[in-house]
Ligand code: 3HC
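Quick heads-up: it's one chain on its own, the form predicted alone, in C-alpha cells.
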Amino acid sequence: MQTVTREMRGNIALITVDNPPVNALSHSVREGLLNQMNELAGDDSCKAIVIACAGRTFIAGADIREFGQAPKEPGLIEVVNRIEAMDKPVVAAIHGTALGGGLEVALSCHYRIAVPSAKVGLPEVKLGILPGAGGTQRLPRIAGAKNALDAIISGRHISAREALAWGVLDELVEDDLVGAALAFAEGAIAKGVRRTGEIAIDKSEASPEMFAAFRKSVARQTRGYFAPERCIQCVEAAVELPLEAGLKRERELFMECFANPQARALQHMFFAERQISRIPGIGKDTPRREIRKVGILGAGTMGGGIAMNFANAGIPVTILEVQQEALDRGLKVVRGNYERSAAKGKFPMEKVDDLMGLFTPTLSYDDLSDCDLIIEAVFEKMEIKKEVFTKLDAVAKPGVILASNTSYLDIDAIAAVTKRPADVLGLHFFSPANVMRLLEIVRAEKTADDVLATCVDLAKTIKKVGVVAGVCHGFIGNRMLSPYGREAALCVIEGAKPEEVDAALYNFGMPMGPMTMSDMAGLDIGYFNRQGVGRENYETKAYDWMDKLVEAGRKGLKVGAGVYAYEAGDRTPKPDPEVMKIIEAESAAVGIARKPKSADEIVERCMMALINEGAKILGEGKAYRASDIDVVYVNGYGYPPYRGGPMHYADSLGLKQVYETILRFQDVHGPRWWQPAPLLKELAEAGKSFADFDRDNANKE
C-alpha cells in the first residue's frame, strides 16, 4: 500500500499521508513526502501544495517500530528542509494531533490550518531526547522563544486555539478541513511562500534574563534530567544564530541526548507502559463484563478518592459508610476537591454539581445490589475485610466483580469467605487515589479471566496505569518497599544521620528520602504493623529506634514531630538533636560502633535491596515482566523515570555486578537479608539481563 499519494485539484496538489493507525513518520512516509516535493518542484502546472492525512489524525510522530534501529534514508531533516525550500506555497491541514516529527513537518510548511479539536506538541523530552528535525529552531521563530520553551520543556499537547494565539496556526476551520486547506492554498498563491526558518525572532522578549528566569522556574520539575537543559540551549541557539547554524547546534545537542543513558531509560519506560496490558492467556477474544455502576465501601480519603476516578469517567458511584457523619464528611471532601479543580480552570464550576450528581450516598449494603463492581476501602485488617466480603456476598447480584483495595493482605483468603471467588480480585489504588496514576490489579488464584480482562480495560477508562500482580504480602510495590526502608533505617543506626540518608536518595532522584516519607505516612503505621507481625519477622535493629520515637509521641508530620521536627504550618523537615540522642543511645544498646556512611554506600544498599526483592517477585511469577515492576516503581513510588525503574537500572549496571555486590553485602552484613534472588543468580551467571528475561518470556507466550 502506498502511504503517500497525490491528486491534483485544479492547480493545487493535494498530498495525502495514509499510514494507519496514527500516520507515523515511517520510512515509506518520509520517502513519499520527499519524492512528492521533488516531483512537484519541477511541475509548472502545480501552483500550491496541501499536505493532509487520512484517518483520525495528522502525523502523530515517529514510527516507534523504528526505535533502536539504524536510521534509513531519507531522514526527517532532509524531508522538512525540502518542504521549507519549496518555491510554491505548502499548507499543512491538521486534525487530531501533530506531535514531534509531525509538528516539525507542519512547521516546515509555509502555512498551517487546523480544526479546533486539533492538538500540537513536541514531546521528545519525555523520551530523553529533543526535537531533532528543526523543531527547536522553527518553533521559536513563529511562536516566540518563551512559548517555544514552554512547549519543548513540558512536552505537553497544545490546543489548537492556543497554537493559533501563538502564531503556529494561521486559521481554524470548523469542518471540511481539506476543502478549507485547498481554498487557503489558492489564496496563498498570490502571497507566495513564508518560510518559518526565515522569520526573525523578537529578541526583546528572549533576553539572557528571560532564559535565566525560565531555568529557575523549571528547576524542580527538571531535576536530574539531562535533556531539558539541552532543549533550552537549542532555543538559545535559535535566538542567537541563523537557521543553518542553529540546525547544526540542534543536531549536536540531539546526539548528546541520544547517547545519554537517560534516553534509553525513558524510552524503556515508554514501551514498558504499553506492555502492561498484555496478559498471558488474556486476549481480545476474552469476554468482558459491563461496568455501568460502581459501589465503594468507605468514604474516607481512600474511598472518596477511588470514587472520584469513576465519576470523572462518567460512571455513577454508590458510596457506603457506617455512619451518616462519616458519609457527609467524605462527600464534602470530594466536593472540595472538585471545586479546587474548577477554581484552577480545569473545568467550569457548574460541572462540579454534575460530577457530584453521579454520587449516591448510602448507609445500607442493600443499595449496592445493582452495582457491577464493588470496591472496599475499609480498615486494613483481615478480620474486617472478611466481614465486609461476607456481607457483600449476601447482597451483591450475580456477576458483580468484588475488589479489595488492600495494600498487603492475602486476596485468596478474602475471596475464600465468598461463594464466588472467581469474581474477586485486588484493586490497589495509591494515595491520593484521585491523583496517583498507578493501580495494582491483583490476580488471585481463582480470579476469572473475564474479571481480570475487565479490570485491565477499566484501568484505562479511569486513566490509571494498571499493572497486574500476583498474591503475596505487599504485592509488587509495598513488598519491595520493605527491604528498601530496612536498609535506609539500618544505615541510620549504623552511623548515618537521617538527613544524610534522605539527601543521598534525593540526590539519586527520589522525590523524597525514606525518613521524610515515613514522617509523612505516619511513624505509628509502621509501629502498629510491627507490633502485629512479631519481632522474629523483621530486622529489629533497623526499627527499634523508630519505635522509640513513636513511644515518645513523635508520630510524624501530623503531630509536628517524627524523625524530624516541624514548625507549625510548615512541612519542611528539620533535623532534631533530640532524635539523634535516641538514635545514638539505640546504637550503643545493640553494640554498634557508629561510623559515617558515604552517599554512594547508602544508595547502593537501598537500591540493591530493592532490585533483589524485585528479582524474587519476578522469579516467583508475581509480576509478568521486569518492566512491569519498573512501571510500578516509577508511577507509584516516585522512582526517577530517567533511570528507567529499578530493574532497568540493574540492567544498566550489569546483573553480574549487581549479583557480586549482593554477595559482598552478604559477607559484611550476614545472610539473613542478603540472599541473592535465584533468578538474579541465574541471569548473572548466564550473562543475561532482566530485559532478556522479558524477551524470552514474550517468545514463550
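Residue numbers run from 1 along the displayed sequence. Worth saying up front: this structure is predicted, and the values here are computed from it rather than measured. Rigid core: the largest C-alpha set superposing within 1.5 Å between the two forms.
The discussion below concerns the form predicted in complex with 3-hydroxybutanoyl-coenzyme A (3HC), not included here.
The stretch that touches 3-hydroxybutanoyl-coenzyme A (3HC) in the predicted bound form, counting heavy atoms within 4.5 Å, is 22-30, out of 639-647, 22-30, 39-47, 668-676.
By the 4.5 Å heavy atom rule, the three marked residues F67, P123 and P131 all count as contacting 3-hydroxybutanoyl-coenzyme A (3HC) in the predicted bound form.
Although the partner is absent from this view, F528 stays clear of 3-hydroxybutanoyl-coenzyme A (3HC) in the predicted bound form, with no non-hydrogen atom inside 4.5 angstroms. At a distance threshold of 4.5 angstroms between non-hydrogen atoms, L76 is in contact with 3-hydroxybutanoyl-coenzyme A (3HC) in the predicted bound form.
Proximity of L402 to 3-hydroxybutanoyl-coenzyme A (3HC) in the predicted bound form falls outside the 4.5 Å heavy atom cutoff. For the chain shown alone, R664 is not a contact residue for 3-hydroxybutanoyl-coenzyme A (3HC) in the predicted bound form, no non-hydrogen atom being within 4.5 angstroms. Though 3-hydroxybutanoyl-coenzyme A (3HC) is absent from this view, in the predicted bound form it lies within 4.5 Å of a heavy atom of just one residue from V658, I51, A60, V634, which is A60. Listed residues P140, G100, G614, G562 were compared with 3-hydroxybutanoyl-coenzyme A (3HC) in the predicted bound form; G100 is the one with a heavy atom within 4.5 Å. Although 3-hydroxybutanoyl-coenzyme A (3HC) is not shown here, in the predicted bound form the stretch 274-302 places heavy atoms of R274, R278 within 4.5 Å of it, in sequence order.
R65 shows a C-alpha shift of 2 Å or greater between this form and the one not shown [criterion: core-superposed Cα displacement of 2 Å].
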